[in-house]
Ligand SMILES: NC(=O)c1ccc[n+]([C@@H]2O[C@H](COP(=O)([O-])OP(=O)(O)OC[C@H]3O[C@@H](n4cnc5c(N)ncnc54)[C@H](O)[C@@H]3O)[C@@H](O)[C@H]2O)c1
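Just the one chain here, the form predicted alone, laid out as structure tokens.
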Amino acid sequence: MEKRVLGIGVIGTGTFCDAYLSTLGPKYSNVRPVSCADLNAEAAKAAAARWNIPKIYTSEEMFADPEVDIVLIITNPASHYSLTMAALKAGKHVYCEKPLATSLEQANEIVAFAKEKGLFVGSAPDTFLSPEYQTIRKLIDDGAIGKVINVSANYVGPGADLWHPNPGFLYKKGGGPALDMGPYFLTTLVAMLGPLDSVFCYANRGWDVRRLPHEDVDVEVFTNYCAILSFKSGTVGSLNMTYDEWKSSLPRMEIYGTEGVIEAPDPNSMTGALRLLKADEFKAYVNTKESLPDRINAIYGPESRFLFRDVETVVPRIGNERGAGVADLAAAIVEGRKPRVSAELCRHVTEAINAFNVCAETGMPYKMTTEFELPELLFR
């Protein structure tokens, strides 16, 4: 039986589209970029030339093209809902950059409409499909660290001010670290540990006016979040997200179990090692120390860091590339199964992000209303 290759239409050909187009086609042979569109016609032409894309369209022309099976939306968050709904109404499957939508109401409408029409929708990030995080999920499922009781996730830095050519939009409505970086951490966490039951969050902002290299911007959103997560599984955790701090030595992500600890890479950039500490090895090492000061230092000081051992991934490292979610969605269409980056999972993350702001404004915890099925492991 001949393998079915699905056509991809790309809307949004800014710099980030290269992260997708460098893999869609070259790495994943079940998809093929066939058209692109952008409000900036020159950007669309340049992307088409770089990646040998045969058609340059408006979005309306793309929606009407029978060669386009999946619309890949790589635009600003404020446009995700309208473009996704327009593509669905044209009968196209959709994969969207994060977040799926900027409100739970929008996400609910997308999920309901796609289900009614028998169409598939997915949304970035797909980094939990990386070899590193699939290995972590397998370690958890196999009981390598026992019962998972706590997680710590941290995105701490000065925002994009020092590198982005035009970071002002990050401080306007629809911006902020929760919508920008939150999806990487939340999607990864729930894809490993299952749905959230409730959340609580405090938030504030460091500056009312952001002094950027080329302009001063009034800050309209919270830029510093401290969230508490409660999972249906019983796991609890913390999530720090800020644009207001300069540097941190906090781990990007650690997962704590009754029988060990997993040190995980950054779920955005995929930098950092995947390491595992086993409780029995830790206890055995501490027990080699005879004096009380030595035992305390072995437990709480840096001395025992060597017990964190590198873990070989289920398949070789591939680095920071995007496209696995699009390819899996395409395979799901052909195979008639639910995609791993499902619309329901993405909606759950959208609800959690919006819940942080609700908590910060009301001072009350938020009970989650959405659920999803834990995605199957990609590698067995």
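Quick note: we count residues from 1 along the sequence shown, nothing fancier. Since we're looking at a predicted model, the values are computed, not measured.
What comes next is about the form predicted together with the ligand, which does not appear here.
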The ligand in the model of the complex: contacted by all of Thr258, Glu281 and Ser304, heavy atom 4.5 Å: no
The ligand contact at Gly194 in the model of the complex, heavy atom, 4.5 Å: no
4.5 angstroms heavy atom contact with the ligand in the model of the complex for Asn287: no
Contact label in the model of the complex: Ser59 to the ligand, heavy atom within 4.5 Å: yes
Val334: touches the ligand in the model of the complex, heavy atom cutoff 4.5 angstroms: no
Listed residue (Lys92, Arg210, Arg137, Lys98) with a non-hydrogen atom within 4.5 angstroms of the ligand in the model of the complex: Lys98
The ligand: the contacting residue among Asp69, Asp328, Asp38, Glu351 in the model of the complex [heavy atom, 4.5 Å]: Asp38
Residue stretch of 210 to 218, 76 to 84, 143 to 151, 227 to 235 approaching the ligand in the model of the complex, non-hydrogen atom distance within 4.5 Å: 76 to 84
Neighbours of the ligand in the model of the complex among 183 to 204 [non-hydrogen atom within 4.5 angstroms]: Tyr184
